[in-house]
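Just one chain is shown here, as structure tokens, and it is the form predicted on its own.
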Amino acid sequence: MATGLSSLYARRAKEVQASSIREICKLISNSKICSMAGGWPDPKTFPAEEIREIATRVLTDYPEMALQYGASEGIPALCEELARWTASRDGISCTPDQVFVTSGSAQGMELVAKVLIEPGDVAFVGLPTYFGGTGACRTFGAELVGVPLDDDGMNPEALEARIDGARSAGKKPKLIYIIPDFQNPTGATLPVERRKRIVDLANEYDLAIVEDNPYRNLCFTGKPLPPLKAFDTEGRIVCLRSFSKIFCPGFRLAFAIGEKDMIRRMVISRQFEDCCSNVFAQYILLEFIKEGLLDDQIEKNCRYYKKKRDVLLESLDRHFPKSVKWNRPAGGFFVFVHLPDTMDSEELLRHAVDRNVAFVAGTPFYIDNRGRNTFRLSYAQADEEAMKEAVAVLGRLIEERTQQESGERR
């Protein structure tokens, strides 16, 4: 007879997989390791002094509101400010009741999946893509269908072919999960024409789009392209935005933009989870935006991370052999590396960790278990000198493996 609760676990609990990034972060808690694994912001960018001043003022002027429960949608003043801020920066026209403050964008994705997905519904996702989005869809029983990505992100022709294939097989296509700007993990940015075409496909085939865009504001040259939501004429898109990369992740603040009924259903669903997002943090963010500090913070972050990206790319150019390929992102946090087909990035990771270097192997980003010769590097958190040394270590390991394979072939 089984003991404990193991025999009572729900199937979804048995099937859920741990985040590869979180597991790696536990592995590399040793301070000697240079981690280019998680897409965690560099603490040097956190506006601690400004937050301290605002927090003192909030606690002095209205502690009875800041320390109390709040509306599940988000405090009304912040929803109003986010609607204004989004219209100004992104060209998305929305009302405050189309804005929903969530506890991180991961909660937003989970709530979208909870509202939209029934077991057997088909969700179309990038090959590769962020496994937090695919994990949320899987939790509620979605069948995932991969759509190839190229240097310009998701290919609309390939997407349409897979939608037609699912329909021909008698399945129910339901949503498209997409990261259009500085995609995780590839760093790719979707051109405007592809954005419009994917929205058109959603309209034509009666699909929802989840536009996950946590890196949008980390644009190193010019301005980011219009979000997909800006082309949404039928209310099919839920746009997820995060403050973790442009403000600070510890507050766990993000927001969703969607049509009123969709947002209302997401709000009701969250009321059985955590009631509301951190109210004190919401008031701090509200003041931070109203004082113009968030726009300033975004500009500072872009300058800061662009410099770190350049250091990483220069180091890759110097130390990696010509048989290895990688992207040159225009923003965000990530460089995605393609090793020769015969190499295994998980094997490389094991040797790298022994030499105090860590990254994320590529396979978890692929729903079909491909990508064994790929891995993701983040330039967000490691300092510049440590990155240079880490890339040199990786370059030597790859060269050693290349020579070993060459000897084996002879």
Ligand SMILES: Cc1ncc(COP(=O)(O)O)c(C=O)c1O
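Don't overthink the numbering: it's just position in the shown sequence, from 1. Quick caveat, the model's predicted, so the values are computed rather than measured.
What comes next is about the form predicted in complex with the named molecule, which does not appear here.
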property: One stretch from 244-252, 74-82, 324-332, 259-267 that, in the predicted complex, holds residues within 4.5 Å of the named molecule by heavy atom; result: 244-252
property: Option touching the named molecule, based on a heavy atom within 4.5 Å in the predicted complex, out of Ile209, Ala123, Ala188, Ala106; result: Ala106
property: In the predicted complex, the one of Tyr305, Phe336, Tyr283, Tyr130 near the named molecule [non-hydrogen atom within 4.5 angstroms]; result: Tyr130
property: Interface membership of Ile198, the named molecule in the predicted complex, 4.5 Å heavy atom rule; result: no
property: Partner proximity in the predicted complex: Pro214 to the named molecule, non-hydrogen atom cutoff 4.5 Å; result: yes
property: The named molecule contact at Phe288 in the predicted complex, heavy atom, 4.5 Å; result: no
property: Contact flag, Ile176 vs the named molecule in the predicted complex, heavy atom cut 4.5 Å; result: no
property: Any residue of 181-203 that, in the predicted complex, places a heavy atom within 4.5 Å of the named molecule; result: Asn184
